[in-house]
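Just the one chain here, laid out as structure tokens, in the form predicted alone.
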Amino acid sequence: MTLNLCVLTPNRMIWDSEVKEIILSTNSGQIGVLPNHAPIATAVDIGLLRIRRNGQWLTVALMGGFARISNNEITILGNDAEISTDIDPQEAKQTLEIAEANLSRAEGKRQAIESNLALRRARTRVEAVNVISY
């Protein structure tokens, strides 16, 4: 039995295919979703989306959004997302270093919040590239 997973961002469709299982980062922690999962709607946190299909795991850097799970259909509306194989490791590392520097130089509450979010996004991209498939 499989799940139908659709991952959409405002600019494009990232994924639209059957999968065996996903692991999703939500605002209340990670959840694993297998076929016949109870219906749920949840906020998605900045973090990794792990997708298992054909015995292989694929990683997506997901930048927050919302997910709806019902009747073996998963729809994720993300603010942004990138499949790990589409991420340039050098560029991701460079972006992380810039984000860390910007956070240390942030002045005021607003700049600190924006810098912290940029840092979380950059870390997620680096993590997506460095995840070991199992």
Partner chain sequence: MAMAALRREGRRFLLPTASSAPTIAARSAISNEESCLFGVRSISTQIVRNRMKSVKNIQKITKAMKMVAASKLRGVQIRTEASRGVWQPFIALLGDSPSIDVKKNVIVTVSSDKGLCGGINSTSVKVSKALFKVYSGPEKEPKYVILGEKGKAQLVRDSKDHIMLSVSELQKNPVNYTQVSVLADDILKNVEFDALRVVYNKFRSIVLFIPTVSTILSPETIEKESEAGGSLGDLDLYEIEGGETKSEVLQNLTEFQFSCVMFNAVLENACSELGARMSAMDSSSRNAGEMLDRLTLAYNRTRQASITTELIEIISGASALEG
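It should be emphasised that the depicted structure is a prediction, and the values quoted were computed from it without experimental measurement. Positions refer to the first chain, counted from 1.
Omitted from view is the form predicted together with the partner chain, to which the following refers.
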Taking the partner chain in the predicted bound form as the reference, which of Asn102, Thr95, Asn72, Asn79 has a non-hydrogen atom within 4.5 Å? Asn79
Could you spot which one of Asn36, Asn27, Thr85, Gln56 gets a heavy atom to within 4.5 Å of the partner chain in the predicted bound form? Asn27
Spell out, yes or no, whether the shortest heavy atom distance between Arg68 and the partner chain in the predicted bound form is within 4.5 Å. yes
Might Asn11 be said to contact the partner chain in the predicted bound form, defining contact as any heavy atom within 4.5 Å? yes
Within a 4.5 Å heavy atom cut-off, is Ala106 in contact with the partner chain in the predicted bound form? no
The partner chain in the predicted bound form - contacting residues of 27 to 46, heavy atom within 4.5 Å: Asn27, Ser28, Ile31, Ala38, Pro39, Ile40, Ala41, Thr42, Ala43
